[in-house]
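Following this are structure 1 and structure 2, which are two forms of one protein chain, each written alone as C-alpha coordinates.
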Structure 1
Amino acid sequence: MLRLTEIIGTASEPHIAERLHSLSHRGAVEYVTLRREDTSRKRLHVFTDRGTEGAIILDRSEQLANGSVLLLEEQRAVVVRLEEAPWLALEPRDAAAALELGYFCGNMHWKVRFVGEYLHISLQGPRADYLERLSHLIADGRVSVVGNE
(Lines of atoms letter the chains of each structure in order from A and count residues from 1; the text may use other names and numbers.)
(Lines give C-alpha, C1' and ligand atoms only; values in the text may rest on other atoms or scores of the structure.)
Protein backbone atom coordinates (compact mmCIF):
# COMPACT_ATOMS: atom_id res chain seq x y z
CA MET A 1 0.00 0.00 0.00
CA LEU A 2 1.36 3.38 -1.02
CA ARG A 3 1.55 5.70 2.02
CA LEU A 4 0.82 9.33 1.19
CA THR A 5 1.72 11.36 4.27
CA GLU A 6 2.03 14.94 3.10
CA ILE A 7 0.67 17.49 0.69
CA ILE A 8 3.64 18.50 -1.40
CA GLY A 9 1.86 21.36 -3.12
CA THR A 10 -0.80 21.97 -5.71
CA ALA A 11 -0.79 20.97 -9.33
CA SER A 12 -1.10 24.58 -10.43
CA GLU A 13 2.17 25.72 -8.88
CA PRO A 14 4.51 26.40 -11.82
CA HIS A 15 7.42 24.21 -10.73
CA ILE A 16 5.07 21.33 -9.88
CA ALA A 17 2.95 21.80 -13.01
CA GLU A 18 6.08 21.50 -15.12
CA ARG A 19 7.08 18.20 -13.52
CA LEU A 20 3.54 16.84 -13.74
CA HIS A 21 3.44 17.76 -17.39
CA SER A 22 6.64 15.87 -17.99
CA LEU A 23 5.44 12.85 -16.03
CA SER A 24 2.10 12.86 -17.81
CA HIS A 25 3.87 12.29 -21.13
CA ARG A 26 5.12 9.05 -19.67
CA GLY A 27 1.69 8.19 -18.26
CA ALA A 28 3.12 8.43 -14.77
CA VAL A 29 0.56 10.73 -13.14
CA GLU A 30 -2.08 8.91 -11.11
CA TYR A 31 -5.25 10.56 -9.82
CA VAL A 32 -7.21 9.98 -6.63
CA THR A 33 -10.82 11.12 -6.98
CA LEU A 34 -12.48 12.35 -3.80
CA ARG A 35 -15.87 13.75 -2.95
CA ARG A 36 -15.64 17.30 -1.66
CA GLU A 37 -16.82 16.33 1.82
CA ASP A 38 -14.05 13.74 2.07
CA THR A 39 -11.39 16.43 1.82
CA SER A 40 -11.93 17.14 5.53
CA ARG A 41 -10.69 13.67 6.42
CA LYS A 42 -7.06 13.22 7.41
CA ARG A 43 -7.00 9.47 6.81
CA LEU A 44 -8.37 7.83 3.71
CA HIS A 45 -8.06 4.44 2.12
CA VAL A 46 -7.97 5.16 -1.59
CA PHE A 47 -7.32 3.72 -5.01
CA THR A 48 -5.85 5.73 -7.85
CA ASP A 49 -7.25 5.67 -11.37
CA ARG A 50 -4.49 3.19 -12.17
CA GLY A 51 -5.64 0.89 -9.36
CA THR A 52 -2.80 1.65 -6.96
CA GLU A 53 -3.95 1.15 -3.37
CA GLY A 54 -3.04 4.06 -1.13
CA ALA A 55 -3.27 5.28 2.45
CA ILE A 56 -3.59 9.02 2.91
CA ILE A 57 -2.34 9.91 6.39
CA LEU A 58 -2.16 13.63 7.04
CA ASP A 59 -1.50 15.89 9.96
CA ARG A 60 -4.60 17.59 11.40
CA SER A 61 -3.40 20.93 10.07
CA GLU A 62 -3.31 19.75 6.46
CA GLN A 63 -6.26 20.29 4.13
CA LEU A 64 -6.85 18.31 0.97
CA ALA A 65 -8.09 20.23 -2.05
CA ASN A 66 -8.59 19.83 -5.76
CA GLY A 67 -5.09 19.50 -7.21
CA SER A 68 -3.32 18.53 -4.00
CA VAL A 69 -0.14 16.69 -4.96
CA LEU A 70 0.51 13.79 -2.60
CA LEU A 71 3.47 12.23 -4.35
CA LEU A 72 5.98 13.68 -6.77
CA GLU A 73 8.85 11.41 -7.68
CA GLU A 74 10.97 10.82 -10.74
CA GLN A 75 8.85 7.93 -11.84
CA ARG A 76 5.41 8.74 -10.48
CA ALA A 77 3.07 11.42 -9.13
CA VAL A 78 -0.25 11.20 -7.31
CA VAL A 79 -2.73 14.08 -7.54
CA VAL A 80 -6.14 14.65 -5.90
CA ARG A 81 -9.11 15.33 -8.09
CA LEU A 82 -12.46 16.45 -6.65
CA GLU A 83 -15.68 14.85 -7.76
CA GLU A 84 -18.25 17.61 -7.69
CA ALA A 85 -21.58 16.60 -6.21
CA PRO A 86 -24.58 17.40 -8.41
CA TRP A 87 -27.01 20.10 -7.32
CA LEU A 88 -30.79 19.95 -7.17
CA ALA A 89 -32.24 23.36 -8.08
CA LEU A 90 -35.54 24.36 -6.51
CA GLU A 91 -37.77 27.38 -6.99
CA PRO A 92 -40.12 28.37 -4.18
CA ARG A 93 -43.49 29.75 -5.27
CA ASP A 94 -43.44 32.72 -2.90
CA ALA A 95 -41.77 34.09 0.21
CA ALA A 96 -43.72 31.80 2.52
CA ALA A 97 -42.67 28.76 0.53
CA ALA A 98 -39.08 30.01 0.50
CA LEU A 99 -39.11 30.27 4.28
CA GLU A 100 -40.53 26.80 4.68
CA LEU A 101 -38.10 25.32 2.17
CA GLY A 102 -35.15 26.98 3.88
CA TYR A 103 -36.30 25.79 7.29
CA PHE A 104 -36.80 22.25 6.01
CA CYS A 105 -33.38 22.05 4.37
CA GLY A 106 -31.76 23.35 7.54
CA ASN A 107 -33.62 20.84 9.62
CA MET A 108 -32.35 18.09 7.31
CA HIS A 109 -28.78 19.46 7.62
CA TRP A 110 -28.49 19.59 3.86
CA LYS A 111 -25.82 21.68 2.25
CA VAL A 112 -27.35 24.42 0.13
CA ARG A 113 -26.40 27.48 -1.84
CA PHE A 114 -28.54 30.42 -2.86
CA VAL A 115 -28.63 31.33 -6.54
CA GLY A 116 -30.89 34.31 -7.12
CA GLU A 117 -34.43 33.11 -6.50
CA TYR A 118 -33.40 29.48 -6.53
CA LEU A 119 -32.15 27.28 -3.75
CA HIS A 120 -29.65 24.56 -4.71
CA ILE A 121 -29.17 21.45 -2.62
CA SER A 122 -25.91 19.54 -2.81
CA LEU A 123 -26.87 15.93 -3.48
CA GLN A 124 -24.91 13.58 -1.26
CA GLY A 125 -27.05 10.60 -2.26
CA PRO A 126 -29.65 9.54 -4.82
CA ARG A 127 -31.68 12.44 -6.22
CA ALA A 128 -34.85 10.40 -5.70
CA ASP A 129 -34.24 10.33 -1.95
CA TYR A 130 -34.19 14.11 -1.80
CA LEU A 131 -37.29 14.45 -3.96
CA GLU A 132 -39.08 12.00 -1.69
CA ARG A 133 -38.19 14.08 1.37
CA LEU A 134 -39.38 17.22 -0.39
CA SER A 135 -42.55 15.65 -1.76
CA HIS A 136 -44.84 17.50 0.65
CA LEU A 137 -43.57 20.82 -0.70
CA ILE A 138 -43.49 19.78 -4.35
CA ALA A 139 -46.88 18.06 -4.44
CA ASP A 140 -48.94 21.20 -3.90
CA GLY A 141 -46.72 23.46 -5.96
CA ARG A 142 -45.12 25.41 -3.16
CA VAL A 143 -41.76 24.33 -4.55
CA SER A 144 -40.84 23.42 -8.12
CA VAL A 145 -37.90 21.41 -9.34
CA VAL A 146 -35.89 23.38 -11.84
CA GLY A 147 -33.44 20.60 -12.61
CA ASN A 148 -30.02 19.61 -11.47
CA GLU A 149 -26.56 20.42 -12.66
Structure 2
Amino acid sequence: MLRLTEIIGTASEPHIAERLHSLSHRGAVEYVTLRREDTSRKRLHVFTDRGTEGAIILDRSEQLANGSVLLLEEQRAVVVRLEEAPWLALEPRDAAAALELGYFCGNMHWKVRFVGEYLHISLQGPRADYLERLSHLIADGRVSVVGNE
Protein backbone atom coordinates (compact mmCIF):
# COMPACT_ATOMS: atom_id res chain seq x y z
CA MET A 1 0.00 0.00 0.00
CA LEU A 2 1.26 3.44 -0.98
CA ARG A 3 1.55 5.83 1.99
CA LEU A 4 0.84 9.42 1.00
CA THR A 5 1.78 11.61 3.95
CA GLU A 6 2.20 15.12 2.55
CA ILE A 7 0.98 17.56 -0.07
CA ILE A 8 4.01 18.43 -2.19
CA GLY A 9 2.27 21.26 -4.02
CA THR A 10 -0.34 21.71 -6.73
CA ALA A 11 -0.38 20.62 -10.35
CA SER A 12 -0.69 24.26 -11.44
CA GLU A 13 2.63 25.36 -9.90
CA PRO A 14 5.03 25.89 -12.82
CA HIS A 15 7.92 23.72 -11.55
CA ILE A 16 5.54 20.88 -10.67
CA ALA A 17 3.50 21.25 -13.86
CA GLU A 18 6.65 20.73 -15.95
CA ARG A 19 7.50 17.49 -14.15
CA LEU A 20 3.92 16.23 -14.37
CA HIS A 21 3.82 17.02 -18.07
CA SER A 22 6.97 14.97 -18.63
CA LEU A 23 5.64 12.08 -16.53
CA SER A 24 2.28 12.17 -18.32
CA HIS A 25 4.02 11.55 -21.64
CA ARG A 26 5.30 8.30 -20.14
CA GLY A 27 1.90 7.42 -18.67
CA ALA A 28 3.33 7.75 -15.16
CA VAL A 29 0.77 10.09 -13.55
CA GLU A 30 -1.89 8.42 -11.42
CA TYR A 31 -4.99 10.22 -10.17
CA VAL A 32 -6.97 9.81 -6.96
CA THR A 33 -10.53 11.04 -7.49
CA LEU A 34 -12.21 12.47 -4.41
CA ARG A 35 -15.57 13.99 -3.63
CA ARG A 36 -15.35 17.64 -2.62
CA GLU A 37 -16.48 16.77 0.92
CA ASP A 38 -13.53 14.36 1.31
CA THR A 39 -10.99 17.16 0.94
CA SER A 40 -11.29 18.11 4.60
CA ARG A 41 -10.48 14.58 5.78
CA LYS A 42 -6.95 13.82 6.96
CA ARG A 43 -7.08 10.03 6.68
CA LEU A 44 -8.42 8.30 3.59
CA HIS A 45 -8.17 4.86 2.04
CA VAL A 46 -7.97 5.38 -1.74
CA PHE A 47 -7.31 3.72 -5.07
CA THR A 48 -5.74 5.54 -8.02
CA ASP A 49 -7.17 5.38 -11.52
CA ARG A 50 -4.57 2.65 -12.18
CA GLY A 51 -5.73 0.54 -9.24
CA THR A 52 -2.87 1.38 -6.88
CA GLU A 53 -4.06 1.14 -3.28
CA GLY A 54 -3.05 3.98 -1.01
CA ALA A 55 -3.52 5.61 2.35
CA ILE A 56 -3.63 9.39 2.60
CA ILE A 57 -2.37 10.37 6.05
CA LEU A 58 -2.04 14.14 6.40
CA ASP A 59 -1.12 16.53 9.16
CA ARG A 60 -4.00 18.62 10.54
CA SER A 61 -2.63 21.77 8.89
CA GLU A 62 -2.79 20.34 5.36
CA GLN A 63 -5.86 20.68 3.14
CA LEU A 64 -6.50 18.57 0.05
CA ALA A 65 -7.61 20.44 -3.07
CA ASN A 66 -8.14 19.76 -6.73
CA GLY A 67 -4.65 19.31 -8.17
CA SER A 68 -2.90 18.48 -4.88
CA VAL A 69 0.23 16.49 -5.67
CA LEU A 70 0.75 13.71 -3.11
CA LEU A 71 3.69 11.95 -4.74
CA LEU A 72 6.26 13.25 -7.22
CA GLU A 73 9.10 10.86 -7.99
CA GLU A 74 11.30 10.29 -11.04
CA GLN A 75 9.08 7.45 -12.27
CA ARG A 76 5.62 8.26 -10.90
CA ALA A 77 3.30 10.94 -9.57
CA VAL A 78 -0.02 10.85 -7.72
CA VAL A 79 -2.40 13.81 -8.10
CA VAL A 80 -5.79 14.51 -6.52
CA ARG A 81 -8.74 15.20 -8.79
CA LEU A 82 -12.11 16.28 -7.54
CA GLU A 83 -15.15 14.64 -9.08
CA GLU A 84 -16.28 17.91 -10.62
CA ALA A 85 -13.57 20.44 -11.26
CA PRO A 86 -14.41 24.12 -10.97
CA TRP A 87 -14.10 26.20 -14.13
CA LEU A 88 -12.71 29.68 -14.71
CA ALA A 89 -14.72 31.54 -17.38
CA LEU A 90 -12.92 34.12 -19.50
CA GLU A 91 -14.14 36.55 -22.15
CA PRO A 92 -11.64 37.80 -24.72
CA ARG A 93 -12.02 41.44 -25.83
CA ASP A 94 -11.76 40.65 -29.54
CA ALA A 95 -10.63 37.99 -32.04
CA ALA A 96 -6.94 38.81 -31.56
CA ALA A 97 -7.25 38.44 -27.78
CA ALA A 98 -9.16 35.17 -28.27
CA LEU A 99 -6.33 33.78 -30.39
CA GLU A 100 -3.71 34.86 -27.87
CA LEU A 101 -5.71 33.40 -24.97
CA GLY A 102 -6.21 30.11 -26.81
CA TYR A 103 -2.54 29.92 -27.74
CA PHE A 104 -1.48 30.62 -24.15
CA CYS A 105 -3.87 28.02 -22.69
CA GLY A 106 -2.63 25.46 -25.20
CA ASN A 107 0.98 26.10 -24.27
CA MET A 108 0.03 25.64 -20.62
CA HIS A 109 -1.69 22.31 -21.50
CA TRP A 110 -4.80 23.47 -19.67
CA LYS A 111 -8.05 21.62 -20.21
CA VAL A 112 -10.52 24.06 -21.75
CA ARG A 113 -14.02 24.14 -23.15
CA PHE A 114 -15.80 26.77 -25.20
CA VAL A 115 -19.25 28.05 -24.28
CA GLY A 116 -20.47 30.71 -26.68
CA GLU A 117 -17.90 33.49 -26.73
CA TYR A 118 -16.33 32.37 -23.45
CA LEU A 119 -13.36 30.12 -22.86
CA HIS A 120 -13.58 28.01 -19.68
CA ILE A 121 -10.47 26.59 -18.02
CA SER A 122 -10.74 23.51 -15.80
CA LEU A 123 -9.03 24.44 -12.55
CA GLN A 124 -6.57 21.75 -11.47
CA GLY A 125 -5.26 23.86 -8.60
CA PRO A 126 -6.05 27.12 -6.80
CA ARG A 127 -7.95 29.67 -8.89
CA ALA A 128 -5.43 32.33 -7.86
CA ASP A 129 -2.61 30.40 -9.57
CA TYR A 130 -4.45 30.57 -12.90
CA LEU A 131 -5.34 34.24 -12.49
CA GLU A 132 -1.68 35.00 -11.76
CA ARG A 133 -0.55 33.17 -14.91
CA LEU A 134 -3.20 35.08 -16.94
CA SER A 135 -2.47 38.46 -15.33
CA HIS A 136 -0.67 39.80 -18.42
CA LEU A 137 -3.89 39.34 -20.44
CA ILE A 138 -6.26 40.52 -17.71
CA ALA A 139 -4.29 43.62 -16.64
CA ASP A 140 -4.60 45.40 -19.97
CA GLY A 141 -8.20 44.33 -20.62
CA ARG A 142 -7.54 41.84 -23.42
CA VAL A 143 -9.33 39.20 -21.31
CA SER A 144 -12.01 39.60 -18.63
CA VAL A 145 -12.94 37.11 -15.90
CA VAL A 146 -16.63 36.21 -16.03
CA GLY A 147 -18.44 35.64 -12.72
CA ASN A 148 -16.94 34.25 -9.52
CA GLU A 149 -17.13 30.48 -10.15
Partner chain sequence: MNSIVPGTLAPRTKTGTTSAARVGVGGPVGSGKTALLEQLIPRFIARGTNLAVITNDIATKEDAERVRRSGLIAPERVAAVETGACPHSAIREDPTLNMQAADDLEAKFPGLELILIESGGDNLASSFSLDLVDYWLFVIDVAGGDDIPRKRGFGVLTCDLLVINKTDLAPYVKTDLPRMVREANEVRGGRPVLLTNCAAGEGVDAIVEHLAREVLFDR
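The model shown is predicted, which means the values in this text are computed figures rather than measured ones. Residue numbering: structure 1 sequence, from 1. Think of the rigid core as the biggest set of C-alphas that the two forms share within 1.5 Å after superposition.
J.: Between the pair I just shared, point out the form predicted in complex with its partner chain.
T.: Structure 1.
J.: Would you kindly verify whether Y118 and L82 are assigned to a common rigid part between the two structures?
T.: They occupy separate rigid parts, so that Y118 and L82 shift as distinct bodies between the two structures.
J.: For this two-part rigid motion, what is the smaller part's turn angle between the two structures, in degrees?
T.: It comes to 151 degrees of rotation for the smaller part.
J.: Give the rigid core superposed Cα shift of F104 between the two structures, in Å, rounded to one decimal.
T.: Its C-alpha shift, to one decimal, is 45.9 Å.
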